[in-house]
Each structure stands twice: as C-alpha cells, then as structure tokens.
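Below, in structure tokens: the form predicted on its own, a single chain.
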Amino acid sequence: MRFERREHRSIALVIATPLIAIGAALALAGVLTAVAGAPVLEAYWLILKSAFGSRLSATETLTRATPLILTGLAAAVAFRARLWNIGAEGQLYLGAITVAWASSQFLGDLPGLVQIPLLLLLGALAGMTLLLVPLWMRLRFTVDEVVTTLLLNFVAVLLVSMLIDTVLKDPMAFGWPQSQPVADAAMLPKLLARSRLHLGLGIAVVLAIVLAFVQSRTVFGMQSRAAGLNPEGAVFAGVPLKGTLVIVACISGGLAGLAGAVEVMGVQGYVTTELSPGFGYSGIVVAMLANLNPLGVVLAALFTATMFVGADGMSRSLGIPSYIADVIVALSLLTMLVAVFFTQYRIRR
C-alpha cells in the first residue's frame, strides 16, 4: 500500500473537505460529551441555540467572529505563500496598544471621520512591523520564522503589560492595569442599536472579498501561490520571491494588527493583557479550516465563534465544562489536516 499524489482535485472534493472534517470532529467530541453524562444531540442544539437563539446572542457571536476573520485572513495569506506567521497574537496586541496610545495621546481631538481611518492604519502598520522583523531574519540569516514569530508573541504581550502599568496606565482605573481609553470619537459605529456588533465586521468581510479577488485574479496572487507551492520553481520562472514575501508579510501582519485595533475601537475601548482570549492562535485554526481560502475564512470564523459563544450557554444548561468548545475546535483542526492530506493523496495497493 502506498500514497499517490492526485493529479486533479474536483471542486466538490475541496468543498466537502472542511464539512467532513467538522462532522468528524463533532462526532469525536460527541463521545466525550456522552462520557460527561450529557445527551449529545441536546448539547449541540443548545450550542446552536445559545449562539443564535436571540438577538443578543447572535450579535455576540458575530462580534466574536470579527477578530477571528481578520486573524484567520492573516494566517491564510501568509501560509499560502509558505510564510509561517505564528505571531498574529503579538501583532494583534501591538496594533491594539498603538491605537490606544495614538488616540489617548495625540489624535483624540480629531473628528471620528478622520481619527478612525488613521487609527486603523496605525494599528495595521504596527502589526506589519512586528512581522517584518522575523521575515528579515529569515531572508538575511535563514532563521526559522516559526520560532521567531512565536516568541515575539510573548515579547509583545509583555511590552503591552509594561506600558499599561506605567506610561499608558489609566489613572481612573482604580489601580487596575489597563491603558488609557481611546477617544469617544474613535469608537467604531454600531451596526445594531443596543448591541456590541460594530463596523469592524463589515471591514473584515470586505477585506476577505478583496483578498479572494487578489489571490485568484491578480499577478501578485499568482506569485504568492507560486512562492508557496515551489519557491525554487517560482524564482526560476521569474517571480521576485523576496519582494513577494515582503508584500505578503505586510498584508498578513497588517491584518493581525488591524484585528487588535478593531477589537479596541469596536468593543473594549482600552487595552488590557486579557484583550484577546487567543484570537491570534485561533486564527490559525480558522485559516486551516477554510483551507486557506479567504471567503472560507469568514465561514470558519463564524463556526469557531459559534462554538465558543454557544458552549457557555450549553455548559450552564447541562452542567458540563465549556472547554468542550476548545476540544471541538482542536479536533476540527486535526481532522481537517487529515482530510486535506487525503484530498491531495490517494491510497494505491
């Protein structure tokens, strides 16, 4: 028995891959749910109901999905070009603290129509900068970016922790370590009254559509795919590999930094070290579930947000740990990797 690479993958197979992976993950997680003493079908129904059963829960799920779309896009763009950006979490935090610093210290008096685009741009530039450093180390010294981007996550979070406990500390926070808040004019408009759903969702979806077009219909999209599929062949064909990777890093890091900016300007209003419950790392799972497709990232982020938001309500109703959501998401990633392998290879006897 041997594995033989498929020469062609049908569209139906590509579409079915994530669905099969998620179904397998739910089946495996169902075993654990049953062991915990809860009815499996009722548990999954309660997850869905808790995530979309009311106006409040539906808007919270969409709000939770917004940063996941952006970090998922950041990972998808980078991975497509074989740039292993594991540092979206740190880039998110750097984008967030840059926005809080700029709004509270310099731009707070500007009107919202001017301040909001400037802050979003600064947040993206901050995330972009943090990824360009590991890329430079890879291109100059062949340092593995998996290690450098991962370690820079801790550097960024510790830097934010220092800043919000010193020069950017909010004097009105009663000693609690949080940054000075962004100006009221810098907060993103709400899409629905009496909810936390904000304009960031629209920005994320538009960016997903734009990236889907860029990857499938532009020369740069072809070059980035070629860089990921066969770097040596891409160079031989005339693709400027280093320049392509620099652009990819700018897009990927910028999207992750933008996620931090959007989370601060749309939801929190200030920065703490608990700003992100792992949006950067979850973005990797989202990108893999989407098979690195920008439009698929939107659906994968919605699925992941549904699991996280819905599991809380299910846990309260059935008395089983809400960590089942983490199990489902992790199993989805593992089953997706297996499914992707079998879409690329077939078994021959």
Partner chain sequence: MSAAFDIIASAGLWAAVLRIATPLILGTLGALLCERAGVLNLGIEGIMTFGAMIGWLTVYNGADLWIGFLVAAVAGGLFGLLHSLLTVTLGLSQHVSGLGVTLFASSFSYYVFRLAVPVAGTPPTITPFQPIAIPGLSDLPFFGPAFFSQTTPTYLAILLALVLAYVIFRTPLGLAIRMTGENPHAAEAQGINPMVVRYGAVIIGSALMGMAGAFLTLAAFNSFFPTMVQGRGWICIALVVFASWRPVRALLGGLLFAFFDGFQLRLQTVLGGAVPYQLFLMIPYILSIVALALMARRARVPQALMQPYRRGER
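Residue numbers count along the first chain shown, from 1. Computed from a predicted model, the values in this text were never measured in an experiment.
Just so you know, the form predicted together with the partner chain exists too; it's not on screen, but the next bit is about it.
Asks: Check each of V147, L132, L229, A173 and return the one that places a heavy atom within 4.5 angstroms of the partner chain in the predicted bound form.
Replies: The residue from V147, L132, L229, A173 that makes the contact is V147.
Asks: Within 4.5 Å of the partner chain in the predicted bound form, heavy atoms considered, which of I86, L199, L125, L241?
Replies: None of the others qualify; the residue that does is I86.
Asks: Can you check whether R140 is within 4.5 Å of the partner chain in the predicted bound form, heavy atom basis?
Replies: Yes - in the predicted bound form, heavy atoms of R140 and the partner chain come within 4.5 Å of each other.
Asks: Against the partner chain in the predicted bound form, would A24 count as a contact residue? Criterion: heavy atoms within 4.5 Å.
Replies: No, A24 is distant from the partner.
Asks: Do F154 and the partner chain come within 4.5 Å of each other in the predicted bound form, heavy atoms counted?
Replies: Yes, F154 lies within 4.5 Å of the partner chain in the predicted bound form.
Asks: Against the partner chain in the predicted bound form, would D165 count as a contact residue? Criterion: heavy atoms within 4.5 Å.
Replies: Yes.
Asks: The partner chain is absent from this chain, but in the predicted bound form, do I15, Y44 and V214 each have a non-hydrogen atom within 4.5 Å of it?
Replies: Per the other structure, none of I15, Y44 and V214 touch the partner chain.
Asks: Quick one: which of 298-306, 65-73, 320-328, 46-54 gets within 4.5 Å of the partner chain in the predicted bound form, going by heavy atoms?
Replies: Result for this chain: 320-328.
Asks: Any residue of 3-19 with a heavy atom within 4.5 Å of the partner chain in the predicted bound form counts; write them all down in order.
Replies: The one in contact is F3.
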